[in-house]
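Single chain ahead, written as structure tokens, the form predicted alone.
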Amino acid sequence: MTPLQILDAAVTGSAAPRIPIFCNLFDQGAREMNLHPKAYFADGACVAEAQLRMQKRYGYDNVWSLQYVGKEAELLGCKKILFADDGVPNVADFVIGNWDDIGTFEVPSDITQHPAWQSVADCLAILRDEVGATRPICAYVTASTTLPAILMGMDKWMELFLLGPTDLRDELLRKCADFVQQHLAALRAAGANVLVYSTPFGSPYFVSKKIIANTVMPWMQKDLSRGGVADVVYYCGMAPFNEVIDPVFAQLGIRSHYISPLADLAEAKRIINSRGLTCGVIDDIKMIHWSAEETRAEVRRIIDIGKPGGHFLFGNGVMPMAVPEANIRAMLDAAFEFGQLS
């Protein structure tokens, strides 16, 4: 079976030789290509080549088109990204400086015509041609209720989101939802077949369940109203969300859930059961300091919880650059060993 077939079998509960095994390596690509991150991320072909090289070296199932989250801000007018030598690129220019800017802020009518889209398109074209028929090609989409954080800063967005004025908040959210709908459609058309929908505000860790039910959930429904959700993964940026899994099934229809390392995995598996896919996620921040033996033991613990009954995937978060290669290899060797189903 191909990795794409193994993933589908895990979602549906069909027979497969092993569980799906995901490994998310992003900033490591610049090191792989021996380039400074700014030069590396400017070239979608380089990003694709690095993804293919790293997948071949380690043997995990998926590849990624994500370059950095600030790419979405660039598509919406951000003029400057701060590229660290050994860390995650960050937005250095907020599109919305004050509330008055919300009225003049506009979403491009076709984001695929924006110059910042070209590197994404180039990356996905190569990944689609090379592995599109056999492997999960993951793409990243920030939810409308989270997107303003990279457009105006988290402090200003939290103030507007929680305190209002609500008409201004909703005007911005309408524009962001339009972008999310475009973004999802463009990524699918370009070749992505797994869409990781990042919605930290969909976790009770950030806002109350009441706010999620009354404010966040309707906007998530709008984000996802076109194109279906069969290829969508619910992801809250490593924040726990067990308490909202049932509403996500009922109101969004999303079947795949990327469970936080901070959450009770056994509880999540019990809630999801055979309705969809439980993704057990290792705490790769702790992997910075773990030994290979500690990493292996944690992989086994996660898989021992999640594998019984099927409908399970093993993965990691956003692998920090500081994680030793020995621990990445130990993680994946253990996942393949303990993830066998037949």
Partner chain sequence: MTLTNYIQAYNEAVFETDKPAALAVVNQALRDGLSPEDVVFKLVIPAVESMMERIEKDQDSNLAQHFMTAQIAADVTEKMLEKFSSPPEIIGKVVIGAASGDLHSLGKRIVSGCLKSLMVKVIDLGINVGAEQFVEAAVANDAQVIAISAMMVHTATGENGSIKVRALLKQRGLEDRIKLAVGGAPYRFDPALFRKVGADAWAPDGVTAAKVIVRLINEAKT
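Positions refer to the first chain, counted from 1. Quick caveat: nothing in here was measured; it's all calculated off a predicted structure.
The same protein also exists as the form predicted together with the partner chain; that form is not shown, yet it is the one meant from here on.
Shown here without its partner, the chain carries E130, A186 and G280, none of which come within 4.5 Å of the partner chain in the model of the complex through any heavy atom. The partner is absent here; in the model of the complex, the one residue of M238, V232, I126, A143 having a heavy atom within 4.5 Å of the partner chain is M238. Think of it this way: in the model of the complex, the partner chain has a heavy atom of just one of P247, P204, P108, G97 within 4.5 Å, and the residue is P204. At a distance threshold of 4.5 angstroms between non-hydrogen atoms, P320 is in contact with the partner chain in the model of the complex. Using a 4.5 angstroms threshold between heavy atoms, S208 counts as touching the partner chain in the model of the complex.
Using a 4.5 angstroms threshold between heavy atoms, P218 stays clear of the partner chain in the model of the complex. Heavy atoms of A39 never reach within 4.5 Å of the partner chain in the model of the complex, leaving it off the interface. Judged by heavy atoms within 4.5 Å of the partner chain in the model of the complex, the contact stretch among the candidates 169-177, 147-155, 111-119, 71-79 is 147-155. Within 4.5 angstroms of the partner chain in the model of the complex, the stretch 81-95 places a non-hydrogen atom from each of L82, A84, D86, G87, V88, N90, V91, A92, taken in sequence order.
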